[in-house]
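Here you get one chain, nothing else, as structure tokens; it is the form predicted alone.
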Amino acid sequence: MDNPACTDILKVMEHDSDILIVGGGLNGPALALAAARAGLSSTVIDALPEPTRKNAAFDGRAYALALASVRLLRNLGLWERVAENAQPMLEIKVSDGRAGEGPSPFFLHFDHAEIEEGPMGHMLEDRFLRRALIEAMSGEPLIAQVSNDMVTAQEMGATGVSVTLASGKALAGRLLVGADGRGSGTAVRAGISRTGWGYGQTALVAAIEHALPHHGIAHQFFMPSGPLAILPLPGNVSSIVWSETDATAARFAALPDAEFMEVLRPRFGDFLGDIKLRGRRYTYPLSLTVANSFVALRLALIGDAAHGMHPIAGQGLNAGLRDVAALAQVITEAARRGEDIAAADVLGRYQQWRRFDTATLAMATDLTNRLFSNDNAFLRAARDLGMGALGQLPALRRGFIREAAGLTGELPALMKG
């Protein structure tokens, strides 16, 4: 978008930072920390005030961090800040059925013992990871933070980029990175369109206390209206991500807590003993949205700004962190070779690295949701037989475990052991 302030700053000012990152959630700060390791400076811009972003209250969100993502956090010096609040995922059990009837006799069981690297991943609440990122940025001299302000205009030039903030302040850099979510203003201002659709589903998210220990086992129960994920947190607590049709989810979300638990119990089951709600409940609409390009002139998109997927495989944040690791490696190698870190061919390497992997993951999550979120008798029989057969093939099963752990494909250096 043309803007006089942007044009002036490109002509007369030095770069404030090597990288201007729009979005201070999770992926943006992670990229800033990764870039700092290579001596590249960043300014992270977020519309929310820092106290709000750092708020310790549980907001329902928790992440299944794949092993590769844990390695990234460890390499960035973040894991030691959050490890005590993380729960290892030792097993994953996948079943199919209807609410109140229990699962079908065909199911999948993935055990971390089948691979050598350790737990497939860890569950970690958003509040702990977000706070660790903010604190790490505060201690890094190569990172500046701008909170409670938002980008209203951006312009790309031959040697740099500039942004104008709502406060009137202008900033200049060499590379602009959009880490500002599914409705990315950075992408919109760059003219990048998106492909996607809604699923007609809404996720009901909450923390559930239970009488019996979960033993680090994650459960995915597929029902006709959508999957219910039961994900282990520290102690006798699990996070649920329960996908329902929009209308049903709205009805359930409006129920008082006691009535909500009455509709949850038949779906949750009694394998963890008595259950009760812990904290507030939240809802999130579900959709698929992928940017038609991950790069433009002096611009790159990461995380949900590049791709937003159904949470059915728990890979949303993991895919974003792989973006972070890949982009950090590409620009680090470019800087060491004396290249312009925002040159078209440099950013082209990032896009080539991430586009196929992202497209494959998006199609896999979309197909899985469509295959399992229905009550078609033929499809039910076919998928149950398929799960039963897969469970009997150790090599294929280990392949799925390694995929869940994020160990397949070309791993960026930050995600290697």
Ligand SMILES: Cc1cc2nc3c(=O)[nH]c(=O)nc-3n(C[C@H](O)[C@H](O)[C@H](O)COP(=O)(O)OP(=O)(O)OC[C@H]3O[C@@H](n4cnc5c(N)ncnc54)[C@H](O)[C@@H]3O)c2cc1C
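Counting begins at 1, following the sequence as shown. Owing to the predicted nature of the structure, the values given are computational and were not obtained by experimental measurement.
Not on display, but discussed next: the form predicted together with the ligand.
Look at 150-158, 135-143, 193-201, 271-279: in the predicted bound form, residues with non-hydrogen atoms within 4.5 angstroms of the ligand sit in 150-158. Though the partner is left out of this view, Val177 does not reach within 4.5 Å of the ligand in the predicted bound form, counting heavy atoms only. In the predicted bound form, the ligand sits within 4.5 Å of a heavy atom belonging to Gln315. Taking the partner from elsewhere, Leu48 is found to have a heavy atom lying within 4.5 Å of the ligand in the predicted bound form. For the chain shown alone, Asp304 is a contact residue for the ligand in the predicted bound form, at least one non-hydrogen atom being within 4.5 angstroms.
The single contact residue among Ile92, Ala325, Leu286, Leu76, judged by any heavy atom lying within 4.5 Å of the ligand in the predicted bound form, is Leu286. Taking Pro119, Gly97, Pro311, Gly173 one by one, only a single residue has any non-hydrogen atom within 4.5 Å of the ligand in the predicted bound form, and it is Pro311. If you take 62-95 and check each residue for a heavy atom within 4.5 Å of the ligand in the predicted bound form, you get Ala62, Tyr63, Ala64, in sequence order.
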